[in-house]
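Okay, so here's just one chain, in C-alpha coordinates, the form predicted alone.
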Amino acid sequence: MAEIIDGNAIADEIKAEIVAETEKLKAKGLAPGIATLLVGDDFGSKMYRGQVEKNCESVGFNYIEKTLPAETTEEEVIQIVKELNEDPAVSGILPLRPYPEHISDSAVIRNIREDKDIDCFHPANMGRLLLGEPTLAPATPSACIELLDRVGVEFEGAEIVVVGHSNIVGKPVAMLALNRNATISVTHIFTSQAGNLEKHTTGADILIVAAGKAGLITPDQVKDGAVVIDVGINRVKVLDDEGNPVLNDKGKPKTKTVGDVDFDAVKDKAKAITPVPGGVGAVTNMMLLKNALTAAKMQAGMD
(Lines give C-alpha, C1' and ligand atoms only; values in the text may rest on other atoms or scores of the structure.)
Protein backbone atom coordinates (compact mmCIF):
# COMPACT_ATOMS: atom_id res chain seq x y z
CA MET A 1 0.00 0.00 0.00
CA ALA A 2 1.49 3.30 -1.11
CA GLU A 3 2.07 6.34 1.03
CA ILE A 4 -0.58 8.85 0.04
CA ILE A 5 1.25 12.15 -0.40
CA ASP A 6 -0.89 14.78 1.31
CA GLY A 7 -0.67 17.84 -0.89
CA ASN A 8 -2.97 19.83 1.37
CA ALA A 9 -0.71 19.30 4.38
CA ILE A 10 2.40 20.20 2.37
CA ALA A 11 0.65 23.29 1.02
CA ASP A 12 -0.10 24.35 4.60
CA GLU A 13 3.59 23.98 5.48
CA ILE A 14 4.59 26.14 2.53
CA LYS A 15 1.94 28.72 3.37
CA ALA A 16 3.28 29.05 6.90
CA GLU A 17 6.77 29.63 5.49
CA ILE A 18 5.46 32.26 3.07
CA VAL A 19 3.58 34.06 5.85
CA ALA A 20 6.71 34.16 8.02
CA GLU A 21 8.84 35.49 5.16
CA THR A 22 6.21 38.05 4.19
CA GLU A 23 6.12 39.42 7.73
CA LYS A 24 9.90 39.84 7.63
CA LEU A 25 9.67 41.72 4.33
CA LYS A 26 6.89 43.97 5.61
CA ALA A 27 9.06 44.87 8.57
CA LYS A 28 11.54 46.17 5.98
CA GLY A 29 8.84 48.14 4.17
CA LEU A 30 8.32 45.64 1.37
CA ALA A 31 4.87 44.17 0.69
CA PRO A 32 4.51 41.53 -2.07
CA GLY A 33 1.52 41.88 -4.39
CA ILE A 34 -0.08 40.01 -7.28
CA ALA A 35 -2.05 41.63 -10.11
CA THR A 36 -4.41 39.51 -12.20
CA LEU A 37 -5.30 40.57 -15.73
CA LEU A 38 -8.59 39.27 -17.13
CA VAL A 39 -10.07 40.24 -20.50
CA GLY A 40 -13.70 39.22 -20.92
CA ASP A 41 -15.72 37.01 -18.59
CA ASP A 42 -14.44 33.46 -19.02
CA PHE A 43 -15.99 31.46 -16.17
CA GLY A 44 -12.91 29.37 -15.37
CA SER A 45 -10.68 32.44 -15.35
CA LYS A 46 -13.03 34.26 -12.97
CA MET A 47 -13.03 31.26 -10.64
CA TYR A 48 -9.23 31.21 -10.69
CA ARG A 49 -9.12 34.95 -10.08
CA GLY A 50 -11.20 34.50 -6.94
CA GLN A 51 -8.87 31.77 -5.72
CA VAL A 52 -5.80 33.95 -6.31
CA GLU A 53 -7.41 36.82 -4.39
CA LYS A 54 -8.26 34.50 -1.50
CA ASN A 55 -4.75 33.05 -1.45
CA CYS A 56 -3.17 36.51 -1.46
CA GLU A 57 -5.30 37.54 1.50
CA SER A 58 -4.38 34.37 3.39
CA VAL A 59 -0.65 35.17 3.33
CA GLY A 60 -0.78 38.95 3.62
CA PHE A 61 -0.09 39.86 -0.01
CA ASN A 62 -1.57 42.87 -1.78
CA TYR A 63 -4.01 41.95 -4.52
CA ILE A 64 -4.70 44.09 -7.59
CA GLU A 65 -7.48 43.18 -10.01
CA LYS A 66 -7.54 44.31 -13.63
CA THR A 67 -10.63 43.20 -15.54
CA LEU A 68 -11.22 44.54 -19.04
CA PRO A 69 -14.16 44.15 -21.45
CA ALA A 70 -13.88 41.45 -24.11
CA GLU A 71 -13.74 44.09 -26.85
CA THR A 72 -10.57 45.68 -25.39
CA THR A 73 -7.89 45.87 -28.08
CA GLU A 74 -4.56 44.07 -27.83
CA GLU A 75 -2.79 47.44 -27.71
CA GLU A 76 -4.91 48.52 -24.74
CA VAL A 77 -4.19 45.27 -22.89
CA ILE A 78 -0.46 45.67 -23.47
CA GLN A 79 -0.65 49.22 -22.16
CA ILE A 80 -2.19 47.90 -18.91
CA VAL A 81 0.62 45.35 -18.69
CA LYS A 82 3.20 48.12 -19.05
CA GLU A 83 1.50 50.13 -16.29
CA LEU A 84 1.59 47.09 -14.00
CA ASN A 85 5.27 46.61 -14.86
CA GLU A 86 5.97 50.03 -13.37
CA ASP A 87 3.66 49.72 -10.35
CA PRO A 88 5.78 49.15 -7.21
CA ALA A 89 2.80 47.55 -5.45
CA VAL A 90 2.82 44.73 -8.01
CA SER A 91 5.44 42.01 -7.52
CA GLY A 92 3.92 39.60 -10.00
CA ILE A 93 1.57 39.82 -12.97
CA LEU A 94 -0.74 36.90 -13.68
CA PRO A 95 -2.51 36.91 -17.08
CA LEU A 96 -5.76 34.97 -16.79
CA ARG A 97 -6.19 33.07 -20.01
CA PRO A 98 -7.81 32.28 -22.37
CA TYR A 99 -8.00 35.72 -23.90
CA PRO A 100 -10.39 36.69 -26.72
CA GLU A 101 -9.22 35.54 -30.15
CA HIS A 102 -8.06 39.00 -31.22
CA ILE A 103 -5.55 39.17 -28.35
CA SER A 104 -2.32 37.19 -28.71
CA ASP A 105 -1.26 35.32 -25.57
CA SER A 106 2.31 35.60 -26.74
CA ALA A 107 2.13 39.36 -27.17
CA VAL A 108 0.81 39.80 -23.63
CA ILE A 109 3.36 37.46 -22.06
CA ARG A 110 6.31 38.96 -23.92
CA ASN A 111 5.41 42.40 -22.57
CA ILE A 112 5.35 41.29 -18.92
CA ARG A 113 8.56 42.31 -17.21
CA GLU A 114 10.72 39.22 -16.72
CA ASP A 115 11.03 39.72 -12.97
CA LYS A 116 7.23 40.03 -12.63
CA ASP A 117 6.45 36.96 -14.73
CA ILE A 118 5.31 34.71 -11.87
CA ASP A 119 3.72 32.23 -14.29
CA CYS A 120 7.18 31.90 -15.90
CA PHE A 121 6.06 31.76 -19.52
CA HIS A 122 8.17 34.66 -20.78
CA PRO A 123 10.70 33.24 -23.27
CA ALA A 124 13.59 34.64 -21.21
CA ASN A 125 12.45 32.80 -18.08
CA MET A 126 11.85 29.59 -19.99
CA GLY A 127 15.32 29.99 -21.48
CA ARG A 128 16.88 30.34 -18.03
CA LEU A 129 15.07 27.19 -16.98
CA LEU A 130 16.52 25.31 -19.95
CA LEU A 131 20.00 26.58 -19.10
CA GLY A 132 19.67 25.46 -15.49
CA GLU A 133 19.64 29.02 -14.19
CA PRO A 134 15.98 29.63 -13.30
CA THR A 135 14.99 32.62 -11.21
CA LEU A 136 11.28 31.85 -11.47
CA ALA A 137 9.80 28.51 -12.56
CA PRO A 138 6.23 27.58 -13.55
CA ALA A 139 4.06 26.86 -10.53
CA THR A 140 2.73 23.39 -11.38
CA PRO A 141 6.10 21.89 -12.38
CA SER A 142 7.63 23.50 -9.28
CA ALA A 143 4.88 21.91 -7.20
CA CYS A 144 5.81 18.47 -8.53
CA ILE A 145 9.45 18.97 -7.55
CA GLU A 146 8.49 20.43 -4.16
CA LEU A 147 6.28 17.44 -3.37
CA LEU A 148 9.10 15.05 -4.22
CA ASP A 149 11.54 17.08 -2.12
CA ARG A 150 9.22 17.11 0.89
CA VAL A 151 8.83 13.33 0.89
CA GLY A 152 12.58 12.84 0.65
CA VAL A 153 13.00 11.66 -2.93
CA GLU A 154 16.58 11.64 -4.24
CA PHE A 155 16.86 13.07 -7.75
CA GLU A 156 20.47 12.34 -8.66
CA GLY A 157 20.57 9.33 -10.97
CA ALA A 158 16.86 8.59 -10.59
CA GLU A 159 14.97 7.41 -13.65
CA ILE A 160 12.12 9.90 -14.14
CA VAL A 161 9.52 9.48 -16.85
CA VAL A 162 7.25 12.41 -17.65
CA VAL A 163 3.99 11.61 -19.43
CA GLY A 164 2.93 14.79 -21.21
CA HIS A 165 4.94 17.32 -23.22
CA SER A 166 3.02 20.57 -22.78
CA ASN A 167 4.76 23.92 -22.36
CA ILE A 168 2.83 24.34 -19.11
CA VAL A 169 3.87 21.16 -17.29
CA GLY A 170 5.62 18.41 -19.22
CA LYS A 171 8.57 20.27 -20.73
CA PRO A 172 9.39 22.49 -17.73
CA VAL A 173 9.07 19.72 -15.13
CA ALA A 174 11.44 17.60 -17.22
CA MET A 175 13.96 20.46 -17.24
CA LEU A 176 13.63 21.05 -13.50
CA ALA A 177 14.31 17.36 -12.82
CA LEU A 178 17.16 17.25 -15.35
CA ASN A 179 18.71 20.23 -13.58
CA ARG A 180 18.73 18.06 -10.44
CA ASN A 181 20.76 15.39 -12.29
CA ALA A 182 17.93 12.93 -12.82
CA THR A 183 17.73 10.84 -15.97
CA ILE A 184 14.71 12.07 -17.92
CA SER A 185 12.42 10.52 -20.51
CA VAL A 186 9.55 12.57 -21.88
CA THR A 187 6.58 10.66 -23.29
CA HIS A 188 3.10 11.78 -24.26
CA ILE A 189 -0.28 10.72 -25.59
CA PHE A 190 1.23 9.91 -28.99
CA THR A 191 3.68 7.54 -27.30
CA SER A 192 0.62 5.81 -25.86
CA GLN A 193 -1.18 5.73 -29.21
CA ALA A 194 1.88 4.08 -30.75
CA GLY A 195 1.73 1.37 -28.07
CA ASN A 196 5.09 2.33 -26.58
CA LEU A 197 4.15 4.02 -23.31
CA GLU A 198 4.51 0.99 -21.05
CA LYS A 199 8.10 0.24 -22.05
CA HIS A 200 9.07 3.70 -20.79
CA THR A 201 6.89 4.04 -17.68
CA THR A 202 7.72 0.61 -16.24
CA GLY A 203 11.35 1.69 -15.92
CA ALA A 204 10.55 4.84 -13.94
CA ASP A 205 11.59 5.30 -10.32
CA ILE A 206 9.48 8.47 -10.45
CA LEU A 207 6.51 8.85 -12.76
CA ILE A 208 5.08 12.35 -13.37
CA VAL A 209 1.83 12.22 -15.32
CA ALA A 210 0.34 15.31 -16.99
CA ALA A 211 -1.35 14.10 -20.16
CA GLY A 212 -4.94 15.17 -19.53
CA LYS A 213 -6.54 11.76 -19.99
CA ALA A 214 -8.40 10.10 -17.12
CA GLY A 215 -7.17 6.62 -16.22
CA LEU A 216 -4.30 6.68 -18.71
CA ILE A 217 -1.85 5.08 -16.28
CA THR A 218 -2.81 1.61 -15.01
CA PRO A 219 -0.90 -0.74 -12.67
CA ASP A 220 0.76 -2.67 -15.52
CA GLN A 221 2.44 0.59 -16.58
CA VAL A 222 3.99 1.28 -13.17
CA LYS A 223 7.17 -0.16 -11.69
CA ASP A 224 6.88 -1.78 -8.26
CA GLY A 225 7.85 0.81 -5.65
CA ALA A 226 7.70 3.80 -7.97
CA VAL A 227 6.72 7.28 -6.78
CA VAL A 228 3.79 8.59 -8.82
CA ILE A 229 2.92 12.29 -9.18
CA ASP A 230 -0.46 12.78 -10.85
CA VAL A 231 -0.95 16.26 -12.32
CA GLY A 232 -4.09 15.45 -14.31
CA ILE A 233 -7.46 17.04 -13.54
CA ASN A 234 -10.40 15.42 -15.32
CA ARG A 235 -14.15 15.46 -14.73
CA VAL A 236 -15.75 12.03 -15.24
CA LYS A 237 -19.16 10.52 -14.60
CA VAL A 238 -19.74 8.57 -11.40
CA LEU A 239 -20.73 4.99 -12.28
CA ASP A 240 -22.46 2.32 -10.21
CA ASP A 241 -21.27 -1.28 -9.86
CA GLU A 242 -22.88 -2.17 -13.18
CA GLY A 243 -21.21 0.68 -15.04
CA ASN A 244 -24.27 2.89 -15.29
CA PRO A 245 -24.18 6.65 -14.54
CA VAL A 246 -25.28 7.65 -11.03
CA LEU A 247 -27.82 10.46 -11.16
CA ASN A 248 -28.13 13.44 -8.81
CA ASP A 249 -31.33 14.88 -7.35
CA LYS A 250 -32.02 16.69 -10.63
CA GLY A 251 -31.70 13.54 -12.69
CA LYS A 252 -28.37 14.51 -14.20
CA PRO A 253 -25.23 12.32 -14.09
CA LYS A 254 -23.00 12.94 -11.08
CA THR A 255 -19.38 13.75 -11.82
CA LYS A 256 -16.14 13.60 -9.87
CA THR A 257 -12.60 14.89 -10.30
CA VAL A 258 -9.92 12.31 -11.07
CA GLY A 259 -6.35 12.40 -12.30
CA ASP A 260 -4.58 10.72 -15.21
CA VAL A 261 -3.66 7.75 -13.01
CA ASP A 262 -6.00 4.92 -12.01
CA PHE A 263 -5.43 5.84 -8.37
CA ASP A 264 -7.26 2.99 -6.62
CA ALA A 265 -5.43 0.35 -8.65
CA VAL A 266 -1.98 1.95 -8.79
CA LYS A 267 -1.78 2.82 -5.08
CA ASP A 268 -1.30 -0.86 -4.27
CA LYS A 269 1.81 -1.01 -6.46
CA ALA A 270 3.49 2.35 -5.96
CA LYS A 271 5.70 3.39 -3.05
CA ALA A 272 4.04 6.80 -2.87
CA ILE A 273 1.36 8.55 -4.89
CA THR A 274 -0.46 11.89 -5.01
CA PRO A 275 -4.27 11.85 -4.96
CA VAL A 276 -6.55 13.99 -7.15
CA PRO A 277 -7.82 16.21 -5.68
CA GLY A 278 -5.60 16.90 -2.67
CA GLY A 279 -2.23 16.48 -4.34
CA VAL A 280 -0.39 18.68 -6.82
CA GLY A 281 -3.09 21.36 -7.14
CA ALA A 282 -2.93 22.58 -3.56
CA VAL A 283 0.85 22.95 -3.74
CA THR A 284 0.65 24.70 -7.13
CA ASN A 285 -1.33 27.52 -5.51
CA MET A 286 1.41 28.01 -2.93
CA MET A 287 4.23 27.87 -5.49
CA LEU A 288 2.62 30.75 -7.37
CA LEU A 289 2.67 32.78 -4.15
CA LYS A 290 6.25 31.70 -3.53
CA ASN A 291 7.17 33.00 -7.00
CA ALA A 292 5.58 36.36 -6.15
CA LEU A 293 7.58 36.46 -2.94
CA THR A 294 10.80 35.68 -4.80
CA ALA A 295 9.93 38.32 -7.41
CA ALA A 296 9.37 40.95 -4.72
CA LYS A 297 12.80 40.23 -3.27
CA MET A 298 14.42 40.34 -6.72
CA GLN A 299 12.85 43.71 -7.46
CA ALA A 300 14.12 45.04 -4.13
CA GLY A 301 17.64 43.85 -4.91
CA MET A 302 17.56 41.23 -2.15
CA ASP A 303 19.18 37.80 -2.46
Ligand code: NAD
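Quick note: we count residues from 1 along the sequence shown, nothing fancier. In this text the structure is predicted, and so the values were computed from the model without any measurement.
Note that the form predicted in complex with this ligand isn't included here; everything after this is about it.
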Subject >> this ligand contact at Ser192 in the predicted complex, heavy atom, 4.5 Å >> reply: yes
When the contact criterion is heavy atoms within 4.5 Å, does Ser142 count as touching this ligand in the predicted complex? no
* **4.5 Å heavy atom contact, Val280 to this ligand in the predicted complex** => yes
* in the predicted complex, does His102 have a heavy atom within 4.5 Å of this ligand? -> no
The one residue among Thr202, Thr73, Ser166, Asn196 placing a heavy atom within 4.5 Å of this ligand in the predicted complex is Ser166
The one residue among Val231, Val173, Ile118, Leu207 placing a heavy atom within 4.5 Å of this ligand in the predicted complex is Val231
Within 4.5 Å of this ligand in the predicted complex by heavy atoms, the stretch out of 231 to 239, 248 to 256, 54 to 62, 262 to 270 is 231 to 239
Applying a 4.5 angstroms cut-off on non-hydrogen atoms, the residues of 196 to 221 near this ligand in the predicted complex are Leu197, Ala210, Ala211, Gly212, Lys213, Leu216
